[in-house]
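Presented as structure tokens, the chain that follows is alone, the form predicted alone.
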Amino acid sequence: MKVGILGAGRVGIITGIALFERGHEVTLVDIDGDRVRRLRDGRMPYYEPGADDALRQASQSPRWAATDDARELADCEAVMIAVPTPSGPDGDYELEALAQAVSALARVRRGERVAWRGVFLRSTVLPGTTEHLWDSVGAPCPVGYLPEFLREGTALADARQPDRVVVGAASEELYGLARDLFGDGVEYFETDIRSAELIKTVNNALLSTCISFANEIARLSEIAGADTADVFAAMHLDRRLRGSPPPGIAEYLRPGPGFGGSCLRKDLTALAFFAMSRDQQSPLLEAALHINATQPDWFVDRIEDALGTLAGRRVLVLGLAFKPGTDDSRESVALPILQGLARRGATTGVHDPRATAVADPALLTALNTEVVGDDELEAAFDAASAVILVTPWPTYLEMLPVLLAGRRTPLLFADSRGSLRDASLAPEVTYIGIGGDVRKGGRR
């Protein structure tokens, strides 16, 4: 069928590629003219593994189009809205872009004969938003909510083979439209619109809370003198925590520097705002946010304690993206870690295989940190008093064991993810992890 997607961001493009590969005719609409031109040329505007080749192939087909004119959606059977809903100052989602998108569709509906069987909202919102927006402009056609569960770094694989498709609607017609979009071999969960809206936010709130729980337990393990890694390794053996196949929810029950990215904190904050706006207490959500907000500084405190002082020390931070497999540094824990180092007087450099190339230079300047190029990485490692692994890119996990084993001068290696806990270290290297994991030289 002909499918239109309003909003060519991370969700819209990947959704479009996956639907194109299912045989549909896809039209992407975006107000950013430069982005539209890139999409027409088959060039991704951001990094996502596998997406460059997939987009290049799609752009060579007559079944793929990109435009800045919403009227091109008039002859589509299904339309999706996938514009961003960033976090506002009070914690609620900012809905300006979403309201503009809905108004644009209403104008198309009034001025054109449309073939729409239904419109699905795919942007993340709180319960009641979909119905409210459509009521405010006059519903142009049946509307439903179709949340996305795409993970940056594996978004294309997630879109090609979703673990479930949640459809919020008020009619069998829209449930059928979703099944026509995604086809067979997919598990569908059909519910009402408000439940679907809440499912998306609650899903991310659960993952966020698991991460904060793990970090709080890591702090307690340090105080108790326990082996944090062993505590979690044994907990992960509980069959109730493992999916099929593993690791299930246990993947998020691991201590680290805190969660980042554009979704987890935003959705957890929005859910806490939703509770507060309805006079409902949410102490668990608020505690998860508090732990996450304090975790980077807590980790920097441990680095300073191990060094004696950070003033005048040169620190190399490995990783700016909030996770491997993406160039996205929004809400990355690397940023508060760099801020904490700067406050304590350290001189910092940061390297990332992808994110530093697209990061805001003014932001890095404000953090008083210099970008370390690929050809400068080993020299920066040699010159550093401390190296902090923030984002466990494969290139770091391959390079660091060799460098740590061959180090000839004193170095503090701070492993925020526990990724190299078992690596062999030169006698000059002191290792610290999350939760009191400290050793000097040798192998664990």
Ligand SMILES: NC(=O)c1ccc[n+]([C@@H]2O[C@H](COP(=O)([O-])OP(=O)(O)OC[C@H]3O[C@@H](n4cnc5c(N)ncnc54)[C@H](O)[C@@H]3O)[C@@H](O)[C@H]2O)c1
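This one's a predicted model, so the numbers in the text were calculated from it and none came from an experiment. Numbering starts at 1 and runs along the sequence shown.
Another form exists, predicted in complex with this ligand; not displayed. Remarks below refer to it.
Participant: Looking at 395-403, 372-380, 413-421, 30-38, which stretch has residues with any non-hydrogen atom within 4.5 Å of this ligand in the predicted complex?
Facilitator: Going by heavy atoms within 4.5 Å, the stretch is 30-38.
Participant: Could you tell me which one of Lys200, Arg254, Arg109, Arg265 places a heavy atom within 4.5 Å of this ligand in the predicted complex?
Facilitator: Of the candidates Lys200, Arg254, Arg109, Arg265, Lys200 is the one lying within 4.5 Å of this ligand in the predicted complex.
Participant: Could you work out which of Glu304, Glu222, Glu331, Glu148 is the residue within 4.5 angstroms of this ligand in the predicted complex, going by heavy atoms?
Facilitator: The residue from Glu304, Glu222, Glu331, Glu148 that makes the contact is Glu148.
Participant: According to a 4.5 angstroms non-hydrogen atom cut-off, is Leu338 in contact with this ligand in the predicted complex?
Facilitator: Result no; Leu338 lies far from this ligand in the predicted complex.
Participant: In the predicted complex, does Gln295 have a heavy atom within 4.5 Å of this ligand?
Facilitator: No, Gln295 stays farther than 4.5 Å from this ligand in the predicted complex.
Participant: So in the predicted complex, does any heavy atom of Val429 sit within 4.5 Å of this ligand?
Facilitator: So Val429 does not count as contacting this ligand.
Participant: Does Thr85 make contact with this ligand in the predicted complex, using a 4.5 Å heavy atom cut-off?
Facilitator: Contact with this ligand, yes.
Participant: Note that this ligand is not shown here; using its position in the predicted complex, name the residues of 92-129 with a heavy atom within 4.5 Å of it, in sequence order.
Facilitator: Going through 92-129 in order - heavy atoms within 4.5 Å of this ligand in the predicted complex - the hits are Ala97, Gln100, Ala101, Arg122, Ser123, Thr124.
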